[in-house]
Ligand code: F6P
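Just one chain is shown here, as structure tokens, and it is the form predicted on its own.
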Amino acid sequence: MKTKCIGILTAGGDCPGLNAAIRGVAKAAIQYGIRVVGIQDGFRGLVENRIVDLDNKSVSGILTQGGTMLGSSRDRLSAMPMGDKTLDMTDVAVSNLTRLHIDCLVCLGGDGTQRGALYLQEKGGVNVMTLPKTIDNDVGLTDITFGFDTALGIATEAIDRLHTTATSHHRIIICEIMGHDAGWLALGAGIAGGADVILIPEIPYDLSVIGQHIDHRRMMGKRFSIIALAEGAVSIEELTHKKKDKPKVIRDGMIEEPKAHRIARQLRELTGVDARVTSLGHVQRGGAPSATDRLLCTRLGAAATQLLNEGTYNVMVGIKNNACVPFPLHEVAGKTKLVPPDHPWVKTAHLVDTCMGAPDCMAQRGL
């Protein structure tokens, strides 16, 4: 089948590199003589038929811009709020794609977008292709997702800056970093920024171990500590009581402080050292993409269009051993890439005396 027209949308959270990826797909498509239709605001824009033609002029100058020129949303086709109802809008989406003569829909997004694209392909019979976007770096099969490198740099710079105030005031400072289920960002930024403690969802922590590590540092004359905390990090106690992923907990009928602030309070009580919290929030995924992400997005976008020109559909174009590789979408969707406990980054953290919060943390430093 000859690809004559493609649609492209961005879904889920915004992320550095989305515009670069849109540009990579569109400019390569124009070279092949393929028409490109931009769909605004994700799957909702597809249902509401909000489109714009993309040509050389419209994608000129967007390579360095953060966010997405097409807009984004988290709406799902399978359960989309429409007035006072929640409906499956797949048939409407398929009808609009057919009317526009779109041969394949290119979806840029993370795990939710991969699943949404697969749902559209399986239920609606539509040809789809996806590119892996997320600062969490947790999309399955691909070695890296775009947006991760930029966010890694932002989080690392934040930790760098926190060092000066931590050393000046002899404090514990907790830097809360995005990552609900996967700790790639907190782990990478923690190592690059020289954090003394790194807590990630994949390795449940024991608060007393962290307290002992901080006390040991003070005995060695180090009067400050930096903690890189993934927002989804969970303690052994929380796992035991099945409280994981609750941003707030109920105690004595009262709503207690969020996790990062709770950890800060508990460490103050354990160590007697003042502890403060900085939550990076959406700063991590804002602003211009790094050179690495611009290069990655351009490579992925161009490779995706080359595959489309050859009639390859229903795949995610990711990175494997530094090569752009098409992975069957059904093997990707719903597969979260977590940090293995024996990953080289974890071993590196232990070797440079970084506490990961686990009870056997002291022994693991000898790895």
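Numbers for residues come from their place in the sequence shown, where the first is 1. If you're wondering where the values come from, they're calculated on a predicted model, not measured in any experiment.
The protein also exists as the form predicted in complex with this ligand; that form is not presented, and the subsequent description refers to it.
- Partner-facing stretch of 165 to 173, 84 to 92, 261 to 269, 127 to 135, counted where any non-hydrogen atom is within 4.5 angstroms of this ligand in the model of the complex: In the other structure, the partner sits against 127 to 135.
- Task: Tell me, out of R276, R161, R74, K222, which residue has a non-hydrogen atom within 4.5 angstroms of this ligand in the model of the complex.
- Result: Spelling it out, the residue with a heavy atom inside the cut-off is R74.
- Message: Give me the residue from G179, G109, P289, G116 that has a heavy atom within 4.5 Å of this ligand in the model of the complex.
- Response: Selected residue: G179.
- Item | Distance check, R99 to this ligand in the model of the complex, heavy atom within 4.5 Å | No, no contact at 4.5 Å.
- Message: Whether R285 contacts this ligand in the model of the complex should be assessed with a 4.5 Å heavy atom distance threshold; does it?
- Response: Close contact exists here: in the model of the complex, R285 approaches this ligand to within 4.5 Å, heavy atoms only.
- Item | Partner proximity in the model of the complex: E231 to this ligand, non-hydrogen atom cutoff 4.5 Å | Output for E231 is yes: heavy atoms within 4.5 Å of this ligand.
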